[in-house]
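Here you'll find one protein chain in two forms, each presented separately as structure tokens under the names structure 1 and structure 2.
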Structure 1
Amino acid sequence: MTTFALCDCNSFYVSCERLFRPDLHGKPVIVGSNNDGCAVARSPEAKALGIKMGEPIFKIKDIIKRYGVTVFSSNYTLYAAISHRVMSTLEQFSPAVEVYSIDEAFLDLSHLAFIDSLKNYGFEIKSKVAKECGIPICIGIAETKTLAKLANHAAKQYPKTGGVVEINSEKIRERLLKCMPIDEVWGVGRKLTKKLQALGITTAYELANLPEKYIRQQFNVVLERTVRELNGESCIELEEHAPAKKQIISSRSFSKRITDQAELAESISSYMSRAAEKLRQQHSRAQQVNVFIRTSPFSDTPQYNCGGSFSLPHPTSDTRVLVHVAKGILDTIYKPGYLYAKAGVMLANISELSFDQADLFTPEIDTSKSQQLMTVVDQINRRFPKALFLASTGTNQGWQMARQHLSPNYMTDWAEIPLVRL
């Protein structure tokens, strides 16, 4: 029998910011998305003011002003460093941990399944993370990942639980499913919610009791798996080691509208450099390059939304080659006269370095030379971020995203000091 614990940090980005700003405890705080566009994290006090997840910040200007809501720009470097610390702490409690996202992890507790109740173990984990990392978390424990998710949701929603909920009996499972609306179920999104509601299914309990055959006919195998999981049959395994990415995307909205192709090319070059770096980090090469540019769907100016792709004769991870190709694609899709709001690149058809097919016409010396060069560039940039870049990336970058309310990099700026040594 399997047992999973889902540990999920409470309002993670906000908790990170508060760690260094204890004066903000008990006060409404939100963290914005890139470009300070939407609210992507909210303190409980901010939620109580009615600020919704993903709500555009310009729309809640009044609330922010009236109630003195503190706004932070996303400081991903800071959050990643704290996340790393939380995950290391969690790893002390289980032989197998799946880091599911920046703020949550599944712990395999199957080896403890013989114990009647793991609730106290949950509280132990929770207080250790609070003590060592200063981050509040909630924990859901159950036989399947989907049930653990649901238990976690209950732990968050009902303060009386103390932040830990365990499903360890049929009675508890039933009670929990009955009070959970279907849209809280992992794997049921907006569209499915609508479709299910139209059929009169409103709770997780009703969903769990639909016949499998019916689900298969009316929906698909994915929902069927969800239903099985709700009924205690574990179908989704723990993935301890993240598999290599099959596609790598790098894109951003600009801080201002762009019309000029040269400026677009700078942004494309910059995004592609980041994507290529990620590619090399996972020891892969890509063969297909995609580029897209688009105007803002929210403005009533003329719309243009276009992408193009190119397949290379040989997979590569060389930034110079990838940038060159991407700019070639931009040539073919760019149209003057539009107010561009966003651009991006995607690398696909990704293969492992070791699976490289030797080809009679691949200039072997060149590829190993390029690899050596890229390795050196990456090494230098790891120690001195953004020290080396292609000239085509530009130095002005007036399109770079806006981050008006950025907090200092408390963790990394300090943490880097001992790393600077030969």
Structure 2
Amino acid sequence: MTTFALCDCNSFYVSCERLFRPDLHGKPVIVGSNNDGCAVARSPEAKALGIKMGEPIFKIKDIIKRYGVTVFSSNYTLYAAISHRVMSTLEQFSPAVEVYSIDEAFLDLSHLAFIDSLKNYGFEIKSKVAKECGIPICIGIAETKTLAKLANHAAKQYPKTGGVVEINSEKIRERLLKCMPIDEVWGVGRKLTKKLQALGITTAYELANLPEKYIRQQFNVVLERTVRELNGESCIELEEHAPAKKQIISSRSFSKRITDQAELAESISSYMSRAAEKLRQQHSRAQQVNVFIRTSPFSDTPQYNCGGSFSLPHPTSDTRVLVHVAKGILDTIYKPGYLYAKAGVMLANISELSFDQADLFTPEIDTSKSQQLMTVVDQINRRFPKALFLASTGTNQGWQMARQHLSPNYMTDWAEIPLVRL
């Protein structure tokens, strides 16, 4: 019988910030999105003040001031470093771990069927992560990944559980499904929730009791698989290695409105450089380049939203080629006189590096020399971040997103290591 554990960090971004600011424990803390626009992580104390997920920070300025809410800008470098430590710790408890997101991981515990209590094993994991990483986590244990997700949700919702819930009997499974709203079921999104609710299905239990044939006819095989998982039949395997992405997108809102094409070109060049790096990390190449620019839909200024694409004769992962193509697209879609708020790039038609469709009439783009050059650039930048970059990305980058409340990179920058005074 399969057994999975879902380990999910509690308010991960906030927990990372509090790790180096112990004075903030028990106090309201929020972390803002890009450009400090919305609250994307909240401490329990901030939630108790009524601050909702995704709420614009400018709308809650009064609450922030009145209750002394501490605000942080998103520090993804710090979160990635701490996430790596958490995942390394979890790997001590299972030979098979699927890193599902920056703050979640599935562990395969099937090999532990002989131990007396998987729940106690869960508490052991929780204690180890807290001691070695300083990050609180909750754990759900069940025979399918979908049930483990629900068990984890229950562990977070009900403090009496101590942060660990195991579904190890039919009675517990039914009880959990009956109290779980349909929108908390893994894989049931907002649209599907509305459709199911219109049919009178409001809990996970009601969904689990629908006939599989009816689900397949009225919805699809994906939801049918979810129903089977809710009934204890394991249909979703552990993915220890994340599949290569079919599309890679890099985009940001600017810290200020941009009118100048040169500044837009800098941002496009910067985003494409990042996208190309991700492309090479997954050992892939792309044949289609897309670029978009737009004004802010929330402003009263004239609106403009446009995108363009270009298909290359051969796939490539060479940053120089991709940036050149992206800037060419920008030339065709840029219009002066608008206040641009956001730009982005997307790489599509992605194929594996080892696959190549030859063409007699056009020369290959990725030669062995260009591949070697990109490899060396990536190696240097991994050791010395941002040491090498194209001049077209600029050095000033005044359009970069605003992060007025950014915490130091305590774990990745010698100059920002915390000081202890005795």
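Here the structure is a predicted model, which means the values were calculated and not measured. Quick note, the numbers are simply positions in structure 1, starting from 1. Just so we're on the same page, rigid core means the largest C-alpha set that superposes within 1.5 Å between forms.
Note to self: Can you tell me whether structure 1 or structure 2 is the form predicted together with the DNA?
What the structure shows: That would be structure 1, which is the form predicted together with the DNA.
Margin query: Please state whether Asp300 has a C-alpha shift of 2 Å or more between structures 1 and 2, with the rigid core used for the fit.
Written below: Where the cores coincide, Asp300 still shows a C-alpha shift between structures 1 and 2 that is 2 Å or more.
Notebook entry, point to check: Any chance the CA of Pro336 moves 2 angstroms or more between structures 1 and 2, core superposed?
Noted result: Shift at Pro336: 2 Å or more after core fit.
Margin query: Is the shift of Arg383 between structures 1 and 2 large enough to count as movement, that is, does its C-alpha move by 2 Å or more after the core is superposed?
Written below: Yes, shifts by 2 Å or more.
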